[in-house]
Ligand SMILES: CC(C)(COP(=O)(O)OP(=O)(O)OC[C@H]1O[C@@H](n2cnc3c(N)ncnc32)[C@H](O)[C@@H]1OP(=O)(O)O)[C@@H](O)C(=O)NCCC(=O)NCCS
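This document starts with one chain, in the form predicted alone, laid out as structure tokens.
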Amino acid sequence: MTIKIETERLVLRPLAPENADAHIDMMGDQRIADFLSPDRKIQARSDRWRNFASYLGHWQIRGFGWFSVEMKETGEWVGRVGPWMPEGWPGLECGWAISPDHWGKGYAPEAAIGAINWTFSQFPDLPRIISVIDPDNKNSQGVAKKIGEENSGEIFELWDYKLEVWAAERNVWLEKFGT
């Protein structure tokens, strides 16, 4: 089965080997590393490659994972978004990372809504969707608000950081955004 999610401006497909260089380059930007790196520093290219390989493996193990986000008109790679739940995670998350060249265009919330719709359709018993967000990441908090999530007050500790769990209850979310 081929998964393809279309939104108004974007196409989401499972992250694939051909997305490796674009993803590795995105993760080599300090603005991304500030919130998605264990020490807030750009990781070595070899570490970014291994992380990308683990994202492909997540699809194999869980049957879901990050989607590549591409512009519908040009096919240009914009970033990643989608369901993610590695071992020890506090719940099924919809996360996002958009290449800084594409910030401020509304791609993260547009893609996240498409990914969450897909996730809820695949998991009919899933009571809520979460996003794990660094308390200093105001941009991601803004995305979370736009996609109907609220700060749950829960804290998830990862890499010596205390991260906030933002969440949306399934029924409330589907009433607002469901298709």
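Treat the numbers as computed from the prediction; the structure is a model and nothing was measured. Just count from 1 along the sequence shown to find any residue number.
One more form of this protein, predicted together with the named molecule, exists but is not displayed; see below.
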| item | value |
| --- | --- |
| 5, 67 and 72 each touching the named molecule in the model of the complex (heavy atom, 4.5 Å) | no |
| Contact residue in the model of the complex, from 42, 36, 56, 126 (heavy atom within 4.5 Å of the named molecule) | 36 |
| Proximity to the named molecule in the model of the complex (heavy atom, within 4.5 Å), stretch among 44-52, 57-65, 25-33, 118-126 | 25-33 |
| Exercise: residue 109 in contact with the named molecule in the model of the complex, heavy atom 4.5 Å | yes |
| In the model of the complex, residue 88 touching the named molecule (heavy atom, 4.5 Å) | no |
| is_contact(residue 97, the named molecule) in the model of the complex, heavy atom dist at most 4.5 Å | yes |
| Partner proximity in the model of the complex: residue 139 to the named molecule, non-hydrogen atom cutoff 4.5 Å | yes |
| Stretch 145-178 - residues with a heavy atom within 4.5 Å of the named molecule in the model of the complex | 146 |
